[in-house]
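In the block that follows, a single chain appears as structure tokens, in the form predicted on its own.
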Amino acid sequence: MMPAGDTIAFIGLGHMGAPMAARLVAKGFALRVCDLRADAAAAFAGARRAVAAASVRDAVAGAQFAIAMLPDDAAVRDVMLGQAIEALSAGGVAIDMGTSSPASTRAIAEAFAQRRLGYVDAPVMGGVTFARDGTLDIMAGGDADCIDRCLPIFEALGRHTWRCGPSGAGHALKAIANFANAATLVALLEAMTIGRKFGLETAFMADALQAMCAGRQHPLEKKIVPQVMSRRFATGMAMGLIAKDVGIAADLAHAIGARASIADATRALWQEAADHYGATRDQSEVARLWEDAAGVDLQ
């Protein structure tokens, strides 16, 4: 639990902010809440042991921690640099738990550091249900000591806190995690609509793809961790054969009149890798297409 007398200002009582703030109150934290909708803050405070503040400045004044759960960079900059930085207690810590640009986060953190205030980016992964039951995944970036001070808050809100590195690292991990999830979602939707257009049943495809693409067959578990990160590159499947198979899926989509934008792009990428590195190289070596372009490796 937080040291006795510590107060948390919680700014932003939207779909995620409200259940997160409610979780903190239920865990015994002292909260002052604020939202652009004054009636929302008043209703929240009226239903729980919390204080509604008329403004961000009033919420943050004298608080040791200020949490923002806001929709975008502009809102975070306005709250943090326009009001919170002036009102936060000496030595206090501000925490951005929304999804913001890492570059913007670093700039705000530098401004806070100049005033000897802490700033932690700690975006969360998971929806409203996880916010309600305190099982969010939290990605924390910033000074290690500041993150340590925030751990009681994070432990009340989430099942695990990932220490990502310096300022902005939490937001970077959140962005790439959302990108990976979003890309996987649309790839599966395109694959299933191609299959449905061909005549496969949706429920059947869902069961089959669950078995063939998730769990032990998921690319992260089956290929990236054991093959790419180890540099073994030995799945036993040639890159050219994957390029061929993706091409068959793309050609099928075109033949039956299904959308194939992701399939076409995927075919082009695999063919580029096969042409550049050799069609007989292991499929996991497709990673080199991105590694070489970025000048990094995923070891």
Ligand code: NAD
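Numbers follow the displayed sequence, beginning with 1. The structure displayed is predicted, hence computed values, not measured ones.
Missing here is the form predicted together with ligand NAD; even so, the following discussion is about that form.
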Contact check for Pro219, Thr235 and Val286 against ligand NAD in the model of the complex, heavy atom at 4.5 Å: no
Listed range touching ligand NAD, judged in the model of the complex by heavy atoms within 4.5 Å, from 266-274, 22-30, 36-44, 236-244: 36-44
Is there a heavy atom of Asp78 no more than 4.5 Å from a heavy atom of ligand NAD in the model of the complex? yes
Would Pro152 count as a contact of ligand NAD in the model of the complex, using a 4.5 angstroms cut-off between non-hydrogen atoms? no
I'd like to know if Gly168 sits close to ligand NAD in the model of the complex, meaning any non-hydrogen atom pair within 4.5 angstroms. no
Is there a heavy atom of Pro71 no more than 4.5 Å from a heavy atom of ligand NAD in the model of the complex? yes
One residue of Pro102, Gly126, Gly134, Gly195 in contact with ligand NAD, assessed in the model of the complex (non-hydrogen atom, 4.5 angstroms): Gly126
